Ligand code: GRF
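Encoded as structure tokens, the following chain is the form predicted alone, with no partner shown.
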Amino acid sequence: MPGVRSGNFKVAVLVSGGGTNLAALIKSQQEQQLGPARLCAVIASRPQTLALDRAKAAGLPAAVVSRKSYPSQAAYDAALLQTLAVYQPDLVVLAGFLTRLGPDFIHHYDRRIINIHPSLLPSFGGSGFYGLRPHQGVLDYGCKITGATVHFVDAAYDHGPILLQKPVAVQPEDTPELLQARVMREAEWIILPACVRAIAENRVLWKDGRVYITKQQVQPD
């Protein structure tokens, strides 16, 4: 894991839609709550997304790399890697990024990709659980508690070592839309910036395949 870089720990954010978590990261940076981390680029998997508008408004470099433009996963991975090489990020954040990443990309950024998911993984995660679907699943199952998870990315959907989770209470009147909004506000927008800062400050410890956020800085592996 890269060490502290005195305000020069570069973070690229990959998005597919509205960019609400991107907005949370932008706000945290503006309020100087990301420590040494700095957003360096936004890459969208589709054109004309609100996330791109948010990036532009914040003065962040942005690009579109669409899966439909490439004949294979390997070709798409190569295009993403080439695009990101311009910015040389220390960390890649998947913030509502709905396009699959292949092994070439994941290997290149090993231990340097995190994802935010709107449930307490491993519950209501995996292929197909995106958008309102995790929240609908929570309500259908009758759960009293849900939340959000930040985890490191591996080859499987919504898998990989969990970095941080935050619970959110389910209310009797909840709809998927109401629950989604509360999980964003009470969990996602809090733990994602916190995790980015912890990684940038070199406060993530890997041990026996698990990860922990420490209060004190740890030495790089």
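Everything quoted here is computed from the prediction, not taken from an experiment. Residue numbers run from 1 along the displayed sequence.
There is another form of this protein, the form predicted in complex with this ligand, and it is not shown here; the text below is about that form.
* To do: Name the residue from Leu80, Ile113, Leu120, Ala95 that puts a heavy atom within 4.5 Å of this ligand in the predicted complex.
  => So the residue touching this ligand in the predicted complex, by this definition, is Ala95.
* Asked: Taking this ligand in the predicted complex as the reference, which of Ala58, Met184, Leu164, Ala41 has a non-hydrogen atom within 4.5 Å?
  -> Looking at Ala58, Met184, Leu164, Ala41 one by one, just Met184 meets the 4.5 Å heavy-atom criterion.
* Please determine, with the chain shown alone, which of 137-145, 95-103, 67-75, 82-90 has non-hydrogen atoms within 4.5 Å of this ligand in the predicted complex. => Heavy atoms within 4.5 Å of this ligand in the predicted complex occur in 95-103.
* **Asn202 within 4.5 Å of this ligand in the predicted complex, heavy atoms** => Output for Asn202 is no: heavy atoms all beyond 4.5 Å of this ligand.
* Taking this ligand in the predicted complex, which residues of 148-179 have any heavy atom within 4.5 Å of it? -> Contacts from 148-179: none.
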